[in-house]
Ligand code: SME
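One chain comes next, on its own, written as structure tokens: the form predicted alone.
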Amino acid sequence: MRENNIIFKKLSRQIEDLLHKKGSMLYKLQCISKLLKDEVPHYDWVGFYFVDQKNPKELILGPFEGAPTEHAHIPFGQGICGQVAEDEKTRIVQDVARENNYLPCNIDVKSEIVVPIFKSEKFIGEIDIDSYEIAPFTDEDKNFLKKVANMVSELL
């Protein structure tokens, strides 16, 4: 656990630095996705979903790192991401095989954490992380990703 705290503190500083550099929002989100996937051993797919401006009851895939996914659009309520969009609460699923409303993206995915992103207290998107391990996510992951979501909201 202590090792994760050290990694998360280092990553928080790197993300904060990145947010203050020049570059587009999409470029910065892509860099954050890559940084998280590369630096946290149990983060095997990292991506952002945002509320679709044309259809506000649907999420649209933004920048991500990891295997391609067919889930570029997710209706609110569908899958873990859609549930988070609907109730605006972080979800940790330690074993996706036990989840009735899971949208399979990749046969290697065993667990998922999804953290909402808010701007001016309004739900605008989420960070989605898949792991190829069962039950790797802790409260440290949850707290760290909430911090990342808050930092990202400043970009949007």
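From 1 onward, residues are counted along the sequence shown. If you're wondering where the values come from, they're calculated on a predicted model, not measured in any experiment.
Omitted from view is the form predicted in complex with methionine sulfoxide (SME), to which the following refers.
> Report yes if all three of D44, K110 and F137 come within 4.5 Å of methionine sulfoxide (SME) in the predicted complex by some heavy atom, otherwise no.
No residue of the spot touches methionine sulfoxide (SME) in the predicted complex.
> Hey, in the predicted complex, does A97 get a heavy atom within 4.5 angstroms of methionine sulfoxide (SME)?
Residue-level check for A97: no, no contact with methionine sulfoxide (SME).
> Considering only heavy atoms, tell me if I60 and methionine sulfoxide (SME) come within 4.5 Å of each other in the predicted complex.
No, I60 sits far enough from methionine sulfoxide (SME) in the predicted complex that none of its heavy atoms falls within 4.5 Å.
> With a 4.5 Å heavy atom cut-off, would you call T69 a contact of methionine sulfoxide (SME) in the predicted complex?
Although methionine sulfoxide (SME) is absent here, T69 would touch it in the predicted complex, with heavy atoms inside 4.5 Å.
> With the partner left out here, check for me: in the predicted complex, does some heavy atom of I124 sit within 4.5 Å of methionine sulfoxide (SME)?
Although methionine sulfoxide (SME) is absent here, I124 would stay clear of it in the predicted complex, with no heavy atoms inside 4.5 Å.
> Looking at 8 to 16, 21 to 29, 128 to 136, 143 to 151, which lies within 4.5 angstroms of methionine sulfoxide (SME) in the predicted complex, counting heavy atoms?
Partner-contacting stretch among the options: 128 to 136.
> Taking methionine sulfoxide (SME) in the predicted complex, which residues along 92 to 112 bring a heavy atom to within 4.5 Å of it?
Contacts from 92 to 112: Y102, L103, C105, E112.
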